[in-house]
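A single chain comes next, written as structure tokens; it is the form predicted on its own.
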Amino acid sequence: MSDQTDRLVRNPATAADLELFRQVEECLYTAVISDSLDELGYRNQALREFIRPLSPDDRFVGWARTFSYVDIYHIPPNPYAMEIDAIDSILPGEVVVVSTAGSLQNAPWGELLSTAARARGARGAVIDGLVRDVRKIQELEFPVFARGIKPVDSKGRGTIIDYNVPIECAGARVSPGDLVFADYDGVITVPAEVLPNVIQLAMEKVEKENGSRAELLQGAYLKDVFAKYGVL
């Protein structure tokens, strides 16, 4: 377990960060981000297909704030202590990304954590596990992607062992500060070191797709359109 002083120290999202988030949300989509990552050799950045939005319109972009949970089979003293610290550490512009090591017994996320995360400025949450209080979360309009729904407390079933450290979430490696982008197609993570290149490639591909779409709608043959634009 990392000591608090070992964790990456960041500042709240800047105006430039918020402009980047707006640009990604308005102009891009997870599929074109995934294609751009593929082109750069990062072929395992999409979370597994079972991570789905609680509401069809859920969508967000932000920096990863990672939590790592494991299953337990007893009720420890102060079972929520580190969880509270982790939630209170969230900075504006972040997305909570929760690893549970694939657990289906532990529901570590619900209404109150969503409320607290939203109050801290979180833009959404991705839970590789189960959630509860779904109607209340929907009423908050706090976007959450998760593996499933089950009305159980995490107490005595799972515990957080660290936060703001590299994790694996639904088959993808996520480090603190990576870009996390979620829409109806799923969730994609972009390592910080390739983010500028990914955004540039994605914007270029969107332009090509827009040209392809326009010509296909006018009756052009796919063979000719693909020869011209090189995208499908």
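Everything numeric here is computed off the predicted structure, so don't read it as measured data. Here, rigid core means the biggest group of C-alpha atoms that superpose within 1.5 Å across both forms. Don't overthink the numbering: it's just position in the shown sequence, from 1.
Another form exists, predicted together with another copy of the chain; not displayed. Remarks below refer to it.
Any non-hydrogen atom of E193 within 4.5 angstroms of another copy of the chain in the predicted bound form = Because no heavy atom of E193 falls inside 4.5 Å of another copy of the chain in the predicted bound form, the answer is no.
task = Indicate whether another copy of the chain has at least one heavy atom within 4.5 Å of a heavy atom of I199 in the predicted bound form.
result = No, I199 is distant from the partner.
ask   = Does G156 make contact with another copy of the chain in the predicted bound form, using a 4.5 Å heavy atom cut-off?
value = Looking in the predicted bound form, residue contacts with another copy of the chain include G156, since a heavy atom lies within 4.5 Å.
message = Would you classify P151 as touching another copy of the chain in the predicted bound form, given a 4.5 Å non-hydrogen atom cut-off?
response = Yes, P151 is a contact residue.
key: Sequence-ordered residues of 25 to 40 touching another copy of the chain in the predicted bound form, heavy atom within 4.5 Å   = In sequence order, Y29, T30, A31, S34, D35, D38 come within 4.5 Å of the partner.
ask   = By the 2 angstroms cut-off, has the C-alpha of L18 moved between this form and the one not shown once the rigid core is superposed?
value = Comparing the forms between this form and the one not shown, which are aligned on their rigid core, L18 does not shift its C-alpha by 2 Å or more.
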